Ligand code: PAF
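Given next, in structure tokens, is a single chain: the form predicted on its own.
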């Protein structure tokens, strides 16, 4: 398994692979690798000659407190990647990916100046606040689900994936469906700037108790983990109501909220029901639907997603 930290070395490595006619699958990660990431890597291995992963904790996607507390263990991540037979890990420094940002706190200042004047339908690429190739996500994609509260997270995700696509030039890139809004945004971003790269969504992997895998799960106590499961149970109940014929979004949402609110350790951050294709909320459930919840368990923020294909 090859380890590369510099953009130049990565460019050279990729050029050699492409000269040999190899197909490349990429799994971008923040680190904290778990079984959900392994599923993405396995999918990439099955469908490509070469499997690459990136491990980069992107400051643009976090508040400072969350960034400092993220459960990173690079040595463990290397063991997980090696066990999954990854061919190369790209593990750049912040300075390598954002050469014009002077210090880490500058990223958190950017969040305070969230891009208000967004184009409604088009991605915009610009150099701003010391960040080169900053991607502004269009309003019709970002002001949905989590983006109604934290739109800058998706600018951060789109920006770093844009940079990774430029450096690593994969044929295919793999992301989990649990982060369904991110998947939709990155699919559209790739179509706009990298039409030769296919973004592939992989269904959410769950642990034996059905809690969706997340790097933050290691921070949960046994009691907190049990409480967190109430969210998935709520989503399952919502799916059951929809499949039984309930089409009133308000009724389904309230039923899910009641199940979650019964758990005193869980605090809802955001919960919604949206159309699968557009991510738009609707009073009536008419077709394929996404049930989405973001929540806190004693300050630990988690998300869960359930896709109802009708």
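Numbering follows the first chain given and starts at 1. Worth saying up front: this structure is predicted, and the values here are computed from it rather than measured.
The following text describes the form predicted in complex with ligand PAF, which does not appear among the structures shown.
Visitor: Would you point out which of 173-181, 122-130, 88-96, 188-196 contains residues with a non-hydrogen atom within 4.5 Å of ligand PAF in the predicted complex?
Guide: It is 173-181 that comes within 4.5 Å of the partner.
Visitor: Does each of 29, 157 and 161 have at least one heavy atom within 4.5 Å of ligand PAF in the predicted complex?
Guide: Affirmative, all three are within 4.5 Å.
Visitor: Report whether the minimum heavy atom distance between residue 61 and ligand PAF in the predicted complex is within 4.5 Å.
Guide: Taking the distances in the predicted complex, the answer for residue 61 is yes, it comes within 4.5 Å of ligand PAF.
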